[in-house]
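What follows is one chain in structure tokens, specifically the form predicted alone.
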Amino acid sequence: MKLKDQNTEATILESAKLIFMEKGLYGARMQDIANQAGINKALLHYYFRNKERLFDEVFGGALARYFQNMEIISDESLPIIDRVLTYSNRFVYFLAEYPQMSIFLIKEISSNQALFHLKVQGIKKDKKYSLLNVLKEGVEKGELPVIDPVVFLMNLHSLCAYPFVAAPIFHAICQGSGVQWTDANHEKLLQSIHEFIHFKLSKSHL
């Protein structure tokens, strides 16, 4: 049996990442990925049997990176608001690299929530960090204003993720309205997110 070459596999994964970022799971074709990787389709299927498995491989590895970046939440040497600001920065930059991650998470959780939970626990292992718990404890200790942590988390994730999920919609709206808008470094998006965080978590404005 032919052995798989690690360099070829790495090239396929990087090529798949680029194609999935451009076209998404349902728009991408295995032929597109093979062309991007500079290999034939038969060889691509030898390494990865189907598009769904390849998608999972690309974004499963990305999920591990996501949790590594989010360890800032457990850093008790920093004020909660600083942890949340850093969390939002890392989340936005992560989604800029993997704009399909939100769709991947929805797909994984919808298909098998229990299995997804096991995957996440396997990645996190003994690392205990949860933004929801940090927010809840901050409110209980009086370090944060009285907020609903769940509602705050939903709003924060929406502000971070939706611009990437709905990017084609926004591009079409801007194009149809003749509006030129760019935020290549995501500075405008982050500024808006930071304003929300400061407004909701800072006690000074109350």
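Each form is matched to the other, and the largest set of C-alpha atoms that superpose within 1.5 Å is called the rigid core. These numbers were taken from a predicted model, which means no experiment stands behind them. Throughout, we count residues from 1 along the sequence that is shown.
Only in words, not in the display: the form predicted together with the DNA, which the text now covers.
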Exercise for the section: Tell me, please, which stretch of 154-162, 44-52, 137-145, 62-70 lies within 4.5 angstroms of the DNA in the predicted bound form when heavy atoms are compared? Expected result: 44-52
Handout entry: Listed residue that, although the DNA is not shown, lies within 4.5 Å of it in the predicted bound form (heavy atoms), from 167, 150, 174, 30
Key = 30
Problem - residue 202, heavy atom within 4.5 angstroms of the DNA in the predicted bound form - result: no
Practice task
Indicate whether the DNA has at least one heavy atom within 4.5 Å of a heavy atom of residue 40 in the predicted bound form.
Solution key: yes
Handout entry: Rigid core fit then residue 193 CA moved by 2 Å or more between the shown form and the other one
Key = no
Handout entry: Displaced residue check between the shown form and the other one: residue 27, CA, 2 Å or over, core reference
Key = yes
